[in-house]
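For reference, the chain that follows is the form predicted alone, supplied as structure tokens.
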């Protein structure tokens, strides 16, 4: 697989995927707003408001939406890095909220995270070898020689030379640092990895290599991914399924192929209309859907449909009644009172 070519991921509803690995049900996360001299709680920010997701073994589920829609918070809730206000997360049948400290530490070998900024996630005072060997020491108690052998294997897996283990983070490029971050996530042989904007901080010329690496690792190791991203071209290539979030809620979800070819929610249609098409003639004739205004504050979300203040199809019903996710195809669900499928919005 060439680093300069992104291969399209098979994502139809008939894709061969394993059984459910992670199931999140009605996740809610509120953050307190504090003010005044004494820092009293004056309100709450509804970052995640009733999100339910299922991640199957070997698949990529992508969370997309504008900044502030709750994608990263949801990703951290899935790994129990932050506790939900309400709702449950079950990983292979285990309710993560009920696990004790040691039990949770043991369970975390099975799920890891790759963060967005490769410059901020590596300790500048530790060599790459020490960084990759640390989880092996903490979780398995391996001696130095065994850790060094595993570090060499990890570096080779992500396309880095074994001698890089003796270097410090400042000696690497952004793409190389992200490969180290991926190697660190692989160290304990997890079954699921949350990818929080894994290529957004990298040069465009480097992104394809990282995307192809992630695809290869999934194919070879059977990994499940939760991909958090705003670049829909990356999402389209990597995903089996996609969940579109707006102001803390999932407004549309389904197989990537179906969602990109025939989106039904107005918000999804607007997002896809902004994705450029690499054909000048098609791009010139496309209609761009420009949303009016800014997203409402999560501290004071609109009544009814949260998208109604920016939706060109909103009516009185949208103010009074919050739409539920309704099935519109095989696994394709939409939360809209007036859904209308737009066929092939990308041209």
Partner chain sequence: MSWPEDLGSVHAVRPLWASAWRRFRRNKMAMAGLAFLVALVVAAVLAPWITRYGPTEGIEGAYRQPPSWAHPFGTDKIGRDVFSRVVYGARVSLRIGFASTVISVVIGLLFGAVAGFFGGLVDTLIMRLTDVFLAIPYIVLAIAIAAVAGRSEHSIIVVLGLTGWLGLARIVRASFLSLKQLEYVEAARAMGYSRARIMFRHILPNAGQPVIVYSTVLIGGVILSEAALSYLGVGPQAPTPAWGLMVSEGKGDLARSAHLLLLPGGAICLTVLAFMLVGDGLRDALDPKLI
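Positions refer to the first chain, counted from 1. Because the structure is predicted, anything quoted here is derived from the model rather than measured.
Same protein, other form: the form predicted in complex with the partner chain, not shown, and the subject of what follows.
By the 4.5 Å heavy atom rule, the three marked residues 28, 44 and 67 all fail to count as contacting the partner chain in the predicted complex.
Residue-level contacts in the predicted complex: of 211, 256, 270, 113, one residue has a heavy atom within 4.5 Å of the partner chain, and it is 113. Note on the partner interface in the predicted complex: the residue among 202, 192, 122, 232 having a heavy atom within 4.5 angstroms of the partner chain is 122. Of the heavy atoms in residue 130, some are within 4.5 Å of the partner chain in the predicted complex. Mapping the unseen interface onto this chain, residue 165 counts among the residues with a heavy atom inside 4.5 Å of the partner chain in the predicted complex. Interface residue remark: residue 135 is counted as part of the site for the partner chain in the predicted complex, having a heavy atom within 4.5 Å.
Contact check for residue 274: no non-hydrogen atom falls within 4.5 Å of the partner chain in the predicted complex. Partner proximity in the predicted complex, defined as non-hydrogen atoms within 4.5 angstroms of the partner chain, places exactly one of 236-244, 257-265, 135-143, 217-225 at the interface: 135-143.
The partner is not shown here, and in the predicted complex the stretch 201-232 never reaches within 4.5 angstroms of the partner chain through any heavy atom.
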